[in-house]
Ligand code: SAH
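Only one chain is included here, represented as structure tokens and corresponding to the form predicted alone.
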Amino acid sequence: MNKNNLPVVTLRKGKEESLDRFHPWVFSGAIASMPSDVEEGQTVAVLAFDGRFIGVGHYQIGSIAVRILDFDDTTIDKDFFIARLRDALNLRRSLNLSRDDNDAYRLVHGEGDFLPGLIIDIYGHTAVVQAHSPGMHFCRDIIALAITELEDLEVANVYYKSETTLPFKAQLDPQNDYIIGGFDSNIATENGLNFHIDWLKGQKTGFFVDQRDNRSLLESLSRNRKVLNMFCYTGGFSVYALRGDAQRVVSVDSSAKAIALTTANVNLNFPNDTRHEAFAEDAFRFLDTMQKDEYDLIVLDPPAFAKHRSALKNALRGYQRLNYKAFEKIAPGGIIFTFSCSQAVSKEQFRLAVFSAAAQSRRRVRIIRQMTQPADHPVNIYHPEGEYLKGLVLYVE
């Protein structure tokens, strides 16, 4: 089959096995032949060596050569995107994520929603779209239309934010801008707390919605504790800790802009609350100079230490060093929330780094909770690489 007469990518003999198990990636080394004039981002048909139809997907230059969109001979058009987006929305509605007290959530999580290369986060009446592949970049206009045509979603504005996420070699020169609508309000609500979302200049889509459930867990453990929120970014954990009746909350980030955003979010929910302080300072320097036993709840949520496997060794050293500093300084009976969002770091590798830090500190440490990404960041069962967020809640005697 190839009913749409798409350019054909033919696989080498035996290289279809992972695709027959519905893994959505075709690696460049698996390709036997393809037309010389296929352009990056073009939709192609993938065939096995014997001519058997495998699927349709977006072609791109690089290690991952094709991202499969469908294992049937489907036309990739607006109707296709509407159907996939409706499926994604139905899942979020079944999870009760769209409520009066919660209008911030992820609508599409790439491979986890069978739309590889596409991220869509919802903040109130605004959808922020990120393309991670040239194919999704070229589909951005029909994706935006499909979002606004979903009944009951009530999205009026679609902001495209892919300047930092598309492959550099593709030379696509994407411009961050509104595809539909424009700016009306940047305040979104998560579990009854309000946040300024900086999708114009902030990291990722402007807010880390993947920590929503973990922030709620921290809130439940914050009562009467002195909380240190390292790498605070927008101050999400800090705001939840304050609502959890923390005695004191200190937010630290190396970025002055992040500290300003954290302060704004604290004031949005708890104006003039003297329990909160914020410092623009390097995390390791802050941990080095702070007093021992000053805090009894520490959050370590750093940016990805390893974005590629080539940086893995240094990343693991970084996690070990960071966690050792927290073990060294936390008060007896303290709790540490520690995370890795590096996809290149496995759960086992991250746990080993934390274990090594605990052993180095000679403290008695127990794991009381293991954390991951929330349900609106689903993992395609055929694509385990989609499980990227790893976290541990540790009790330190």
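Keep in mind that what you see is a predicted model, and the values were worked out from it rather than measured. Numbering starts at 1 and runs along the sequence shown.
Keep in mind the form predicted in complex with the ligand is missing from the figure; the text below concerns it.
Peer 1: With the cut-off set at 4.5 Å between non-hydrogen atoms, does Ser133 touch the ligand in the predicted bound form?
Peer 2: Contact with the ligand, no.
Peer 1: With the partner left out here, check for me: in the predicted bound form, does some heavy atom of Thr165 sit within 4.5 Å of the ligand?
Peer 2: Result no; Thr165 lies far from the ligand in the predicted bound form.
Peer 1: Against the ligand in the predicted bound form, would Asn157 count as a contact residue? Criterion: heavy atoms within 4.5 Å.
Peer 2: No, Asn157 sits far enough from the ligand in the predicted bound form that none of its heavy atoms falls within 4.5 Å.
Peer 1: Could you tell me if Cys232 has a non-hydrogen atom within 4.5 Å of the ligand in the predicted bound form?
Peer 2: Output for Cys232 is yes: heavy atoms within 4.5 Å of the ligand.
Peer 1: Heavy atom within 4.5 Å of the ligand in the predicted bound form: which of Gly192, Pro303, Gly182, Pro271 fits that? Just give me the one.
Peer 2: Partner contact (heavy atom, 4.5 Å) among the options: Pro303.
Peer 1: Considering non-hydrogen atoms and a 4.5 Å limit, which listed residue (Ala258, Ala144, Ala88, Leu153) is close to the ligand in the predicted bound form?
Peer 2: Of the candidates Ala258, Ala144, Ala88, Leu153, Ala258 is the one lying within 4.5 Å of the ligand in the predicted bound form.
Peer 1: If contact means any heavy atom within 4.5 Å, which of 90 to 98, 200 to 208, 110 to 118, 69 to 77 contacts the ligand in the predicted bound form?
Peer 2: After filtering at 4.5 Å, what remains is 200 to 208.
Peer 1: Using a 4.5 Å heavy atom cutoff, which residues in 268 to 283 contact the ligand in the predicted bound form? It's fine if the answer is none.
Peer 2: Heavy-atom contacts within 4.5 Å come from Glu281, Asp282, Ala283.
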